[in-house]
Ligand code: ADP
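As structure tokens, one chain now follows by itself in the form predicted alone.
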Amino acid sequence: MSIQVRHVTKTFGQYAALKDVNLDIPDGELVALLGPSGSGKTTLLRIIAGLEVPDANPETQILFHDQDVAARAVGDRRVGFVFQHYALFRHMSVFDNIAFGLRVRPRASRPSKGDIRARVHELLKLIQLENLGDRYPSELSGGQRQRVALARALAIEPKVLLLDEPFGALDAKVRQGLRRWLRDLHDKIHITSVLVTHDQEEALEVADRVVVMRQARIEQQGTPEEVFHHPASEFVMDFLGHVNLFHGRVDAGRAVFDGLAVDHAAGDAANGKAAKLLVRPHELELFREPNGNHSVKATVTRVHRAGPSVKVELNGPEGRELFVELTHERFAQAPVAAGDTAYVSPRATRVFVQDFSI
């Protein structure tokens, strides 16, 4: 089931939650709507579900497999919805929670008791809780409850699965395990899915495609690799992970920052414009002495060696904090400690100059 969103705008009083949003979600993809609070991602998800109504506009369409469902009620869209806080019925067993959507169907389309029982057992096996059907939500862990909520959404055989911050209430360890489980599950059932999250790591790990939202609009969309390695704007690069920021100016076709100089694609057309250089911590090299390349002199303030990489904090020009991430092998070749002078040099850079970027 493909989804197309056309010219969707939504306002709440004077607040614009969505501004003329257009989005295509191919059949069978898992797409993550990613952005900070207030960017419009949950409003867009609720409009796809039919829980919110977009502002009146003759150009607005919500297409499921090329059929406009904008005027259809929630129950007619065959959408499965999974909320952050499970929304399970506390007085019902796991089995009855999963069966609920099937039992409340109109009599003409309601499956037989035997079919419902078979469907629930199939889903319990799918979510790896086949021996817990008689338990109640209060007897389950948070991760188990969220899997039950997902099974309940899948029980009605939805055309589209929508997930609103489904792992937001869970601790980091459980959340990481459920992300892998959700990705494996999606690879098995191939249902078109839309996941809302503000967790960058979650979106990059789980989704086939990431849609980055900002201030009620779509800022960029693409594969996780595309949005991470080829950000379309300073906002996208900064939002998708920690960055080091250098301020400078374009001079003679080069962007110059605190001892660093980078060729700029706009050439002389950008001369005199203020520029920003963004570099991720793992794209910075650290040296004890100047290495002949463009570099920034800094003072080491802290070294964190616990974990899969070594993280070095430094105090750079004008008191600017710098963060470098090195492999343990690379750090062992040139170890530093708090108080040492070091030289920082970028391996990869991204320059933003008003309307120009490279």
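This one's a predicted model, so the numbers in the text were calculated from it and none came from an experiment. We number the residues from 1 along the sequence you see.
Below, we refer to the form predicted together with adenosine-5'-diphosphate, which is not included among the displayed structures.
Taking a 4.5 Å heavy atom cutoff to adenosine-5'-diphosphate in the predicted complex, the contact residue among G28, P36, P290, P317 is P36.
Screening L23, A17, V336, V344 for any heavy atom within 4.5 Å of adenosine-5'-diphosphate in the predicted complex leaves a single hit, A17. Not displayed here, adenosine-5'-diphosphate is kept clear of T60 by more than 4.5 Å at the level of heavy atoms in the predicted complex. Contact annotation for G40: at least one heavy atom lies within 4.5 Å of adenosine-5'-diphosphate in the predicted complex. Here the chain stands alone, but in the predicted complex its contact with adenosine-5'-diphosphate, taken as any heavy atom within 4.5 Å, falls in 40-48 among 40-48, 318-326, 297-305, 63-71.
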